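The data below hold one chain only, encoded as structure tokens and taken in the form predicted on its own.
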């Protein structure tokens, strides 16, 4: 997960060169005309993708709580920027209405889960915070899953528009289902340990 997240973050960070040849071919004109929300979305996503996995390392949380809090704040800002930038791009989305609505749902779910994780830790509800962070990162990880879905669709001969539209929904719903399974497993372990 960490490797795929890091590679995706590095590849996405190339958008900051503003080289239009790197933009999705079908969206070059739209991206060029909407650079601020695009870079907000990409920059936030890069930060959250790259920092998120380190928040799940138990040794960092227990031995270096100040580092965990600092990286958590960076993740929080990244996730909020990614979600907000994503929502700002929705009206200009490709293959309206299917893909843009999928990405709007993803951005909304990301903002909600990240907000719930933040409010949980402010209340010192650590277990709830961890559950919401698993969900939040699963949604950020949709950046990876979406690209893998597009590559798999291309390899299987699926037309790009169908791969893109289905990926806009499946990339995050599948991740969220996996996250829910992990959250349930964590909860049963805690109950067993008592």
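It should be emphasised that the depicted structure is a prediction, and the values quoted were computed from it without experimental measurement. Positions refer to the first chain, counted from 1.
Below: the form predicted together with a small molecule, not depicted.
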| remark: For the small molecule in the predicted complex, the stretch among 136-144, 121-129, 55-63, 151-159 with residues bearing a heavy atom within 4.5 Å is 136-144
| request: Counting non-hydrogen atoms within 4.5 angstroms of the small molecule in the predicted complex, say which of 24, 18, 177, 184 makes the cut. | output: 24
| request: Report whether the minimum heavy atom distance between residue 86 and the small molecule in the predicted complex is within 4.5 Å. | output: yes
| field | Exercise: residue 164 in contact with the small molecule in the predicted complex, heavy atom 4.5 Å | value | yes
| request: State yes or no: in the predicted complex, is some non-hydrogen atom of residue 93 no more than 4.5 angstroms from a non-hydrogen atom of the small molecule? | output: yes
| task | Flag residue 107 as yes or no: does it have a non-hydrogen atom within 4.5 angstroms of any non-hydrogen atom of the small molecule in the predicted complex? | result | yes
